[in-house]
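Next up: just one chain, as structure tokens, the form predicted alone.
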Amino acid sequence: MTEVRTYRRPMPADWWTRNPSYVVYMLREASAVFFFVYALVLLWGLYTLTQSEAAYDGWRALLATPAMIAFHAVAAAFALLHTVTWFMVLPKTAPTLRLGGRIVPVAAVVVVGVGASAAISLFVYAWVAGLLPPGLAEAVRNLVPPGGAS
């Protein structure tokens, strides 16, 4: 059996640092490691929740350490990078959006998408943190049927 010989152009290891688009791409791809570890941290928290109150409190205390706060800050920055780059790709992959017969500018799609994502994230954070006004919190609570969603 003969081996197929193909030409491979020699490339330096830092080829991706020469173009800002490639740097963003590589950062986005590298962020998968942080999201995987973040998911493991959350699963660990769920596991400790099933064990005992002391185990859960220990997990919560671990989250308050400077290293975990720094890790969460990096993970949040990567999540923001994913959000913004995803909305930047959206107008290139979706059909042209028209509003009132006019083509919606790409920048408007990105700004509205990122803004809507930020608004929804802040709303969910306020809901979970108990920061919603009582009437709005009650209305949101009534959206979920008694006994949870099924």
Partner chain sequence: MTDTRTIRIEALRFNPETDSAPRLQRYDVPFTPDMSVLQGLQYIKDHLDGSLTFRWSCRMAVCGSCGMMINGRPHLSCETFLRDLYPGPVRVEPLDHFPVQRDLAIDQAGFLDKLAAIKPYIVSAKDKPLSEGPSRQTPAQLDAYYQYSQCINCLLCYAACPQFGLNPDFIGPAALSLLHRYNLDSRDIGWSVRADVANAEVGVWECTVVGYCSEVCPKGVDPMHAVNENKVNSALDYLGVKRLLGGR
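Since we're looking at a predicted model, the values are computed, not measured. Whichever C-alpha set is largest while still superposing within 1.5 Å between the two forms counts as the rigid core. Residue numbers count along the first chain shown, from 1.
Quick note: we don't show the form predicted in complex with its partner chain, though the next part is all about it.
Here is the short version: of Ala118, Val104, Val89, Met68, the single residue with a heavy atom within 4.5 Å of its partner chain in the model of the complex is Val89. Remark: of stretches 51-59, 36-44, 94-102, 120-128, the one touching its partner chain in the model of the complex is 94-102 (heavy atom within 4.5 Å). Taking the partner from elsewhere, Leu143 is found to have every heavy atom lying beyond 4.5 Å of its partner chain in the model of the complex.
Looking at Gly135, you'd find every heavy atom of it more than 4.5 angstroms from its partner chain in the model of the complex. Shown without its partner, the chain has Arg5, Thr6, Tyr7, Arg8, Arg9, Met11, Trp15, Arg18, Asn19, Pro20, Ser21, Tyr22, Tyr25 in segment 5-25 as residues with a non-hydrogen atom within 4.5 angstroms of its partner chain in the model of the complex.
With the core held fixed, Pro66 shows a CA shift below 2 Å between the shown form and the other one. Relative to the superposed rigid core, Leu97 undergoes a CA displacement of at least 2 Å between the shown form and the other one.
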